[in-house]
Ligand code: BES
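Shown here is one chain on its own, the form predicted alone, set out as structure tokens.
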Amino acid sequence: MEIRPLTAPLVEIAADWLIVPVVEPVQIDGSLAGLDKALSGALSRLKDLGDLTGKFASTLPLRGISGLGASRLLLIGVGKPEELTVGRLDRALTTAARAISDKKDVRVAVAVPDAAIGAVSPSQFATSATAAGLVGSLGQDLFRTEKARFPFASVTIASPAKVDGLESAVDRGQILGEAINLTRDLVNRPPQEITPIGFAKRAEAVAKQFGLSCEIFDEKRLEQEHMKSLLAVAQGSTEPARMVIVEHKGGAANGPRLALVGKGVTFDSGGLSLKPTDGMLTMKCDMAGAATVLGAMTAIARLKLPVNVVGYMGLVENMPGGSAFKLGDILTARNGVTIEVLNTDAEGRLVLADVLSYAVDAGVDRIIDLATLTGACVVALGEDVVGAFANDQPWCDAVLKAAKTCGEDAWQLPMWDLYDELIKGDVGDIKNTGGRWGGAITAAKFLQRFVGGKPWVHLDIAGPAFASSNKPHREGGGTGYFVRTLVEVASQFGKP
């Protein structure tokens, strides 16, 4: 897809679709007045008729028009200026992109406003518009003969007046959009392709493409590193386990290092605690944490952020083969903690236990892990909100602030000591499940045993990482949720 910034009058821009933002209440002034004049007052008439309202995420397409360089016009409502945030803008612009991506080879131009809309600057608008064009025009129908959605042939980010930093804003939007789409693609591909080895090969290729160092641990190396908890999950499958480490060394040689840790269960049958069919249908998405880490790492490298960031991805397939780990087994994790297995479907925490322990021993300074870890978090917060858990409040505050800046919703849940009692083991040190109540929290308390006191935030992305259906602003399947937040955290890492 060709993406370019352009400074030119909107009436002159040649495109198949020109997307123009409209606020509520509608104001026919500035560049919108120029469009109205070129269209012989059509916009004013639509406003008077109540068809053009500017309400948030409302779309009004005008086809077969004359008087503009573009052959079609799409007016997208961005709502009241005082209520507009980057997150709401992303949603509106992605809605617009999805509304016009049903044909091949479409050339799109998006009008950047003359001035800030509420708290959103023109450059922020340009970044959002670029990312929305990339994400909104890409579907999950990777293997359908007749596609429902087609990537745009080109996206022009057009401003009638000079915008400071327009080119860099567009570059950033392209990098973020492509990183999100990488994560979505990994999640959407079938589990016979994205196995632990398949994921590792893809990670190795993108690391080489974008200048990240890459190391892949095979089974022998995992054994040498005493990653018995991770390996136990993999032993019921014919697909061997892997751990991928990618690193961006953008900061000082002795500068602090941020670890991003992702759960990569490439397919989760539940093991011997077998899931029912309905519960297993979307379990190709159980590697979304690892995919999110990889997507974010490519963006961090391409943006050349002056920080040191390491991505760790633990990759296994959880299957009920004859050698599968069993209920009642006692596992010894890398850090020596013994784990009593009460449910083989509580496997993601067993994978993360060893990966977190390895990151701690590697000397990282702060940790964020991401995992589609518990259905309990979805019950608590719904499908659109990430659960956040932490052992260090200032670090958690920094992550939540980054999420708010990016418009990605997260909510912190408590980590009180009383939850430790629920996972206290009878035979081993801890149990791998604390039972039905507070399941998302007890899972986080389990992980806390493996971070060695380092400032750590656990993000349970089970709800928003995979969408069960299409919405006007969102394609079903993998969403790439929290790629933006991880990049924002990295961009602020090490600053006062």
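Note that residue numbering begins at 1 and tracks the sequence as displayed. Keep in mind that this is a model prediction, so the values were computed, not measured.
FYI, the form predicted together with this ligand isn't displayed, but the following is about it.
J.: Please run the contact check for residue 268 against this ligand in the model of the complex: heavy atoms, 4.5 angstroms, yes or no?
T.: Although this ligand is absent here, residue 268 would touch it in the model of the complex, with heavy atoms inside 4.5 Å.
J.: At the 4.5 Å heavy atom threshold, is residue 376 in contact with this ligand in the model of the complex?
T.: The answer is yes: residue 376 has a heavy atom within 4.5 Å of this ligand.
J.: Any of the heavy atoms of residue 420 lying within 4.5 Å of this ligand in the model of the complex?
T.: No.
J.: Although the partner isn't part of this model, could you tell me whether residue 349 comes within 4.5 Å of this ligand in the model of the complex, counting any heavy atom of the residue?
T.: Judged by the heavy-atom cut-off of 4.5 Å, residue 349 is in contact with this ligand in the model of the complex.
J.: Using heavy atoms and a 4.5 Å cut-off, decide whether 140, 193 and 284 all contact this ligand in the model of the complex.
T.: No residue of the spot touches this ligand in the model of the complex.
J.: Which one, 171, 219, 392, 345, lies within 4.5 Å of this ligand in the model of the complex by heavy atoms?
T.: None of the others qualify; the residue that does is 345.
J.: State the residue from 248, 184, 242, 263 whose non-hydrogen atoms include one within 4.5 Å of this ligand in the model of the complex.
T.: It is 263 that has a heavy atom within 4.5 Å of the partner.
J.: Partner absent here, but in the model of the complex, which of 327-335, 422-430, 209-217, 275-283 has residues with a heavy atom within 4.5 Å of this ligand?
T.: Only one stretch passes the 4.5 Å heavy-atom test: 275-283.
J.: At 4.5 Å, heavy atom to heavy atom, what parts of 449-467 sit next to this ligand in the model of the complex? List them in sequence order, or say none.
T.: If the 4.5 Å heavy-atom criterion is applied to this ligand in the model of the complex, 449-467 yields only 462.
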